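Just one chain is shown here, as C-alpha cells, and it is the form predicted alone.
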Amino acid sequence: MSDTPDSKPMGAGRQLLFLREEELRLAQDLLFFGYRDFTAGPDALLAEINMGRAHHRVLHFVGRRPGITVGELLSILGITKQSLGRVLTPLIEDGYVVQAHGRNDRRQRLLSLTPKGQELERKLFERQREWVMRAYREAGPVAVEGFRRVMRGLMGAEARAQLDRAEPAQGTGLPIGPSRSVA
C-alpha cells in the first residue's frame, strides 16, 4: 500500500479542498449502516409490544420535552396530524402518554409521558446509550464535536432552529428534559 494521502485513513483534522463522489458515497453508507445498527436494539424491544420507530420518536421527543404541544410535536416530526394520530392514539390508550389541556388555551393539547411511558423511553434510551458512548469514546472529543457539526450540517434550517430552541443556555447541545448522567 502506498503512503499517499488517498491510501491512509482520513485524520480528523485533514483539510479537504473537495470531496470526491466516493467519499460522499462512503458517508452515505456510514449513515445507513450506523442508523441500522443504532436502531436495532430499540426496534426489537418495540416489536415485542407491537410498536415501531414512529412510536419511539414520539416517546423520545415527549420525554425530552414534557408538556410539549401537539403542534410542536408535529413540527418536530414533520408529519401530518393524521399520521401522528395513528401513533399517538395507541400510546395514550396503552398508558404511555397522557394529554392535558393547556392552561391558557384549552384547545391546546399538552403531551407528557406517564410513569409507564418514562420506563419504556428509558429502556429504549439505554439500548442506544451504549452505542453512542462507545462510539464517542473511540472517536475522541475532537471527532465528537466534528460529528455534531456534520449532523447539524445535514439538518435543514428549520430543524437547526428547533434544536437551538431546545438547547439549554450553557450550549451543551443537549435538549431540555430530565437530566441524567451518562458517565
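Source: prediction; values computed, not measured. So that there is no doubt, residue numbering starts at 1 and follows the sequence shown.
Another form, the form predicted together with the DNA, is not on view; read the next lines as being about it.
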Is Gly71 close to the DNA in the predicted complex, meaning a heavy atom pair under 4.5 Å apart or at it? yes
Report whether the minimum heavy atom distance between Val87 and the DNA in the predicted complex is within 4.5 Å. yes
Considering only heavy atoms, tell me if Ser75 and the DNA come within 4.5 Å of each other in the predicted complex. no
Is Ser112 a contact residue for the DNA in the predicted complex, using a 4.5 Å heavy atom cut-off? no
Among 129 to 137, 153 to 161, 44 to 52, 115 to 123, the stretch whose residues bring a heavy atom within 4.5 Å of the DNA in the predicted complex is 44 to 52
If we check the DNA in the predicted complex, which of the residues in 80 to 104 reach within 4.5 angstroms of it by a non-hydrogen atom? Thr80, Lys81, Gln82, Ser83, Arg86, Val87, Thr89, Gln99, Asn104
